[in-house]
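Let's start with one chain on its own, the form predicted on its own, as structure tokens.
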């Protein structure tokens, strides 16, 4: 399932008020909105309020049958949250800038582009991990994700000692890098 299909499924779930969809939207987007608010004169409560208001806007759009999502869901949420935060900043008169000057305070295009590039990189890495096959996938996950020691990995994967497990991990890492960079060069 690609990102667009997932985003559309999440919107449908939100429209039906399914808790799984709401939770996933929250987990995937709250920190991004929180960072936006905290980096622009807000606090944690402001971030929670802005995210909640963004979710309400998104819900109202999701239940509208004419609404079409023309970008990634995270981009839409970021845009809504940004507009809501700018409006709130104006109301609170925290800063004495005109609306046109906010582009200097919040470099949105750079943030969104950076966020999307990072997301694309994560997807490529996820794809490379899928393609690498076993036992490399499990070995790399054991070391990098589960933070297991090489001796523990050697026992788990039936290597004669930790040095052999370390050598195999290195070979798997080289294969993973080749798979990753074969795709990564296309997003540069």
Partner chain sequence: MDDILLIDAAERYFNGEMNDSEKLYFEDLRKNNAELDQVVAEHIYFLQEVSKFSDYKQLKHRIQETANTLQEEGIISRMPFTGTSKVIYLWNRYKKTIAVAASIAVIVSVLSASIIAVFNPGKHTNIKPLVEKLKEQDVKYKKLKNQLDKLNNASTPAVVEKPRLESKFRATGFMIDVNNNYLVTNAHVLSEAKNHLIVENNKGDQFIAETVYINNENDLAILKIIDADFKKLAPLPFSIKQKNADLGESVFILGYPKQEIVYNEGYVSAQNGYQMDTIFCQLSTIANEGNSGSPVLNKNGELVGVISSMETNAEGVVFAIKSSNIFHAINEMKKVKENDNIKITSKPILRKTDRVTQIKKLQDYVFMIKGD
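Throughout, rigid core stands for the largest set of C-alpha atoms superposing within 1.5 Å between the two forms. Positions refer to the first chain, counted from 1. Nothing here was measured: the structure is a model prediction, and the numbers come from that model.
Separately, the form predicted in complex with the partner chain exists; it is not shown, and the next lines address it.
Visitor: Would you mind picking the one in 138, 121, 39, 151 that has a heavy atom within 4.5 Å of the partner chain in the predicted complex?
Guide: Exactly one residue meets the criterion: 121.
Visitor: Indicate whether residue 43 is a 4.5 Å heavy atom neighbour of the partner chain in the predicted complex.
Guide: Within the cut-off, so yes.
Visitor: In the predicted complex, is there a heavy atom of the partner chain that lies within 4.5 Å of any heavy atom of residue 176, even though the partner is absent here?
Guide: Within the cut-off, so yes.
Visitor: Though only this chain appears here, would residue 12 touch the partner chain in the predicted complex if you measure heavy atom gaps against 4.5 Å?
Guide: Residue 12 lies outside the contact set for the partner chain.
Visitor: Residue-level question: is residue 55 within 4.5 Å of the partner chain in the predicted complex, judged on heavy atoms?
Guide: Residue 55: yes, in contact with the partner chain in the predicted complex.
Visitor: Check each residue of 155-174 against the partner chain in the predicted complex and list those with a heavy atom within 4.5 Å, in sequence order.
Guide: Going through 155-174 in order - heavy atoms within 4.5 Å of the partner chain in the predicted complex - the hits are 166, 167, 169, 170, 173.
Visitor: So with the core overlaid, does the Cα of residue 144 end up 2 Å or more away between this form and the one not shown?
Guide: Yes; residue 144 is a residue whose C-alpha shifts (by 2 Å or more) between this form and the one not shown when the cores are overlaid.
Visitor: Has the Cα of residue 127 moved 2 Å or more between this form and the one not shown, judged after a core fit?
Guide: Shift at residue 127: 2 Å or more after core fit.
Visitor: Quick check on residue 16: with the core superposed, does its CA move 2 angstroms or more between this form and the one not shown?
Guide: Where the cores coincide, residue 16 shows only a C-alpha shift between this form and the one not shown that is less than 2 Å.
Visitor: Compare the CA separation of residue 55 and residue 126 in the predicted complex with the one in the displayed structure, and answer closer or farther (the difference is at least 3 Å).
Guide: Those two alpha carbons end up closer in the predicted complex.
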